[in-house]
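Only one chain comes next, encoded as structure tokens, the form predicted alone.
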Amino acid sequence: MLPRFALRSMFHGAGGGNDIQWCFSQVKGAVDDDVAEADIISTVEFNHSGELLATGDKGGRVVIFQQEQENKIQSHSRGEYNVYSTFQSHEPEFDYLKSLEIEEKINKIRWLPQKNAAQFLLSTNDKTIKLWKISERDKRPEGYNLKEEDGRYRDPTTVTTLRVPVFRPMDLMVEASPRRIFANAHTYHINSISINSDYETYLSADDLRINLWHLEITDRSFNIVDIKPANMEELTEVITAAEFHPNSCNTFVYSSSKGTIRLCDMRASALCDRHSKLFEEPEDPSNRSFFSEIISSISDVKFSHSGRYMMTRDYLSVKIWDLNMENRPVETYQVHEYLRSKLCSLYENDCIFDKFECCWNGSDSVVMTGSYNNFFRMFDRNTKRDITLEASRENNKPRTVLKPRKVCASGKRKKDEISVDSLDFNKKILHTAWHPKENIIAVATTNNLYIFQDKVN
């Protein structure tokens, strides 16, 4: 285990600078051990300012939390996140042609940059993408001439005097309304949506195809990648994630179940079936096993904010790639290497197919991803130090500093260590998000959302 001073000096903030100790801030969600399937969180996303935090769940709901303005009296206290709006984004549907149920589960949420008083976000389930407008109302009109206050229409012949309608203050109301519905473009399940840096177009990816949409046009999209073979028996890989470059609007990447990442340039051709770059690491023959192909499948790909690097997450590791170097990653971080000896039982209980996401901090200096037993991991790219923390209700007093966790892979277990055999594989952190400007992180356990922040001295 790292000495205490090393932990304190370990992670530099979203903007660099201060040493970080992570503290518990809040937890959202029910305490019950009996978790309803619909309440399981399936995606977490901060907006561009970090003021809003959205979660989607398996029940098709989107819950948006808003950061309260910082308390002026207690200058050391950061604004907490409280529920701002909750709405039903998707409903369960049935595809009668294929006799298939379409789940309401929210697979991804992506915020659009704010242009006016309203906020906009895209949410998607397996088949349908929706553009939502979230707006506030704190005034209501009064004094209609042709309408009663309860909304009933008056007989115009009874109106003898004209009134000037006025706006009166009312309690703040947050409304979510669907502005666009992008449907019927995907045969397979949508796994990714990504908004382009032109803020006019976005892509959606399923197992075999990637489509390009315009945010204003719902009845057509352009197919930009299609890896479906003429004979489905020849299918060897599927698309697992896709993302637009943060600055270059013609560039996007997509990852595959074979562990490769392809970078495509939309200027080269309308159909980007031929990639510009292929990022692939040669396999270490000493680690070859029956499970090699499964664990090399990439579950998430994320560009750094600078656009120079991209991060990929496979089952056991996080890799950082320089866009200028295709043959191997520039950094590799082992997330839970101690599970390599347990792959057989993880295959039997299907955990080996879990899709872990990853995220960057605001300055691209630290990366974070989840693991089992409600553990999550952070890797500092400058100091090469790493830390394991736990999202648990046991230390849920505000401002409690999180103790680092250590897993003992074999041999004699030390006092503070946890044995690999006692890890709970039903408790897993698949979805995490990092505030774009501050050291505030959101971590989703099964049905709870934990918010941690750095200790402000």
Partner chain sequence: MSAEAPEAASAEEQKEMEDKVTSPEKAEEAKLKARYPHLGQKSGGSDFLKKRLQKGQKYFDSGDYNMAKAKMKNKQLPAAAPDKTEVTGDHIPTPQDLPQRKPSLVASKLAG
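These numbers were taken from a predicted model, which means no experiment stands behind them. Residue numbers count along the first chain shown, from 1.
Not pictured, yet referred to below: the form predicted together with the partner chain.
Heavy atoms of no residue among A242, L323 and M378 are located within 4.5 Å of the partner chain in the predicted bound form. A heavy atom within 4.5 Å of the partner chain in the predicted bound form is found for exactly one of A183, M232, L172, V166: M232.
Note on contacts: among L215, V238, L112, A118, the single residue with a heavy atom within 4.5 Å of the partner chain in the predicted bound form is V238. Contact check for V63: a non-hydrogen atom falls within 4.5 Å of the partner chain in the predicted bound form. The shortest heavy atom separation between A270 and the partner chain in the predicted bound form exceeds 4.5 Å. Using a 4.5 angstroms limit between non-hydrogen atoms, I41 touches the partner chain in the predicted bound form. The partner chain in the predicted bound form comes within 4.5 Å of no heavy atom belonging to D138. In short, of 157-165, 143-151, 216-224, 90-98 it is 90-98 that has heavy atoms within 4.5 Å of the partner chain in the predicted bound form. In the predicted bound form, the partner chain lies within 4.5 angstroms of at least one heavy atom of each of the following residues of 337-358: R340, S341, K342, L343, C344, S345, Y347, E348, D350, F353, K355, in sequence order.
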